[in-house]
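The data below hold one chain only, encoded as structure tokens and taken in the form predicted on its own.
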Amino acid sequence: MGSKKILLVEDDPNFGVVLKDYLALNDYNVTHAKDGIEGLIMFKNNDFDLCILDVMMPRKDGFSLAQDIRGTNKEIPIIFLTAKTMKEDVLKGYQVGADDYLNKPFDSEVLLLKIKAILQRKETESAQDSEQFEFAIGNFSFNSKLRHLSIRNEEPQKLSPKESKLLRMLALYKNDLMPRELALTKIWRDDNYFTSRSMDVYIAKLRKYLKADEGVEILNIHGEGFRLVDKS
């Protein structure tokens, strides 16, 4: 864990120092920036594994900073810290690409667990999320770039962008568990009741497309996620 580098952007000097020291005690290499402008400069000049951004800051707030970060790096995990609990702020945070959110004051151990979970998830994604875009699923051929799902010599079914992303992720995890949370955060960029219901609708659509091959099915692993089973 010692190699994991965190950018902490927090304008409260006392809280920033305490949090930096706490994370350093837990074997993270932490760079502390005092505001959004300084944070952006540090981000551009260094490589980080994760960003922790305060929302309310002078000169450049956390949301604006996150948008700038996402402009150059779409994958780096971002955790927002905020003193406000307004639903609009939470939604805005997820819209600009937040991976998680913590309201001040918070339990530092909870932050530690969130950091660990996010970094582990990103490592899993990196291992699984290759550049592969062509898949054999039973008798089906699936091209995620063209969003074409075809069986034998029949006309290909054109999938919607989300259907294609979801099927690609299932295919990458073929015959293994695809965690529900992973799909929600990667494809929907949020994990809540509404996005979860939305994903269930897309799973139902994919099941309908795949019905043509009895050797292929998508299983619901209760409370865990889904498994694309290919019996061929």
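Note that residue numbering begins at 1 and tracks the sequence as displayed. Not measured: the values here are computed from a predicted model.
Beyond the structure shown, there is the form predicted in complex with the DNA, which is absent from this document and is the topic of what follows.
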In the model of the complex, which of 65 to 73, 161 to 169, 24 to 32, 51 to 59 comes within 4.5 Å of the DNA (heavy atoms)? 161 to 169
Taking any heavy atom pair closer than or equal to 4.5 Å as contact, tell me whether Y173 reaches the DNA in the model of the complex. no
So, F43 and the DNA: in the model of the complex, are they within 4.5 Å at any heavy atom pair? no
Though only this chain appears here, would E181 touch the DNA in the model of the complex if you measure heavy atom gaps against 4.5 Å? no
Test of understanding: in the model of the complex, would K114 fall inside 4.5 Å of the DNA by heavy atoms? no
Residue by residue through 211 to 225, tell me which have a non-hydrogen atom within 4.5 angstroms of the DNA in the model of the complex. N220, I221, H222, G223, E224
